[in-house]
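Below you'll find only one chain, the form predicted alone, shown as structure tokens.
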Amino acid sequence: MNERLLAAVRRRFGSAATIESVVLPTLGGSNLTTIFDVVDGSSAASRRRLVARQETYVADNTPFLAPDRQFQLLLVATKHGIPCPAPVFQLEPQDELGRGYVTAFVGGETFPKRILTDARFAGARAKLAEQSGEVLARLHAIPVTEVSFLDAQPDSHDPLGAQLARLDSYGEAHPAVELGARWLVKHRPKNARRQLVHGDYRTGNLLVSESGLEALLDWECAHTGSGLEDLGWLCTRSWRFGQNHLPAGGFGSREDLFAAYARVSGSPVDADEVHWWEVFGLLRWVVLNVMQAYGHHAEGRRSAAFAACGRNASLYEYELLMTLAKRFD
């Protein structure tokens, strides 16, 4: 792969370019991520740290945005000042690296336990809820006409229906999901919004330094809909990683998150609607885990991590039931 990556780099940076310090991060499950340096001269200024993301899972019923669409989305987000890795180039068929793209490298930490418990991130944690509210408000203000390619995503039209259709395709019975779906249908919000939704804004996809939020990663679940879906997903219990007294990602309160969002967006946050999206988030997370486990045992995507998703699905079903019973906040 390094030889093909080098050839791809030389197509963009010239025949004298080389690659050094190639690293495969241990985190990340749905894509192959490679971090490397491009050196196209003798001076320190000629060295650039880049990140290649290559698609590893292709199926008709996945929620994942195609890499070329992710690249387009990063171009739009960068133009509007959303903190994210700057797009550099897309992979092409002649690169023989599959579908994917290359971005600039952004330094920071993504491992949730470190972000939420390490003393050196204490200052960052104190501001992450506010920063998240501000960033999400700015993201949701991007005109949807600039991301019209997201209209093809099933989640852009009926997010609940899209989850249930995916679950049906795996041929598994999950009564807890059916109960959750019935609650969601009964309490569906009346306000219909059409905004750019990141779709996976959560602890683990936030690149954090000691100063705070540096970049928002993993745009493959983006679609259009209610921006409050992003707030609900961040507050879903699964992303607190044991810090359950801090509903906003395990690092802050809903009140701080909502206040910052309202200040920047100019609109108050409907807490009841966010709660609806939290319940939806638990249902969606069950389905995503079922998808990964199905890929392991039925589609040849052999992985201990994906196999564990089969067990994890039952854990999130439990959280869904306890939330519906108002035992969990």
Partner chain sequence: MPQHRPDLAEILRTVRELTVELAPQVDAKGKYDLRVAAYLLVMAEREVALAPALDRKHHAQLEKLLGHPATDGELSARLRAGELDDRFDDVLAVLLDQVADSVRVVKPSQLDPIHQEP
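Residue numbers count along the first chain shown, from 1. In this text the structure is predicted, and so the values were computed from the model without any measurement.
The form predicted in complex with the partner chain exists for this protein as well; it is not shown, and the discussion that follows is about that form.
For the three marked residues, V23, E109 and I115, no heavy atom of any sits within 4.5 Å of the partner chain in the model of the complex. Proximity to the partner chain in the model of the complex, defined as a heavy atom within 4.5 Å, holds among R120, R188, R194, R182 only for R182. Of the residues given (A104, A141, V76, L164), L164 alone sits with a heavy atom within 4.5 Å of the partner chain in the model of the complex. With a 4.5 Å cutoff on heavy atoms, E210 does not count as touching the partner chain in the model of the complex; it lies far away. In the model of the complex, the partner chain lies farther than 4.5 Å from every heavy atom of A16. Heavy atoms of P175 reach within 4.5 Å of the partner chain in the model of the complex, making it an interface residue.
Within 4.5 Å of any heavy atom of the partner chain in the model of the complex lies no heavy atom of D158. Note on the interface: of 128-136, 217-225, 167-175, 146-154, the segment with non-hydrogen atoms within 4.5 angstroms of the partner chain in the model of the complex is 167-175. Along 293-329, residues A304, A305, A307, A308, R311, N312, S314, L315, E317, Y318, L321, M322, L324, A325, R327, F328 each place a heavy atom within 4.5 Å of the partner chain in the model of the complex.
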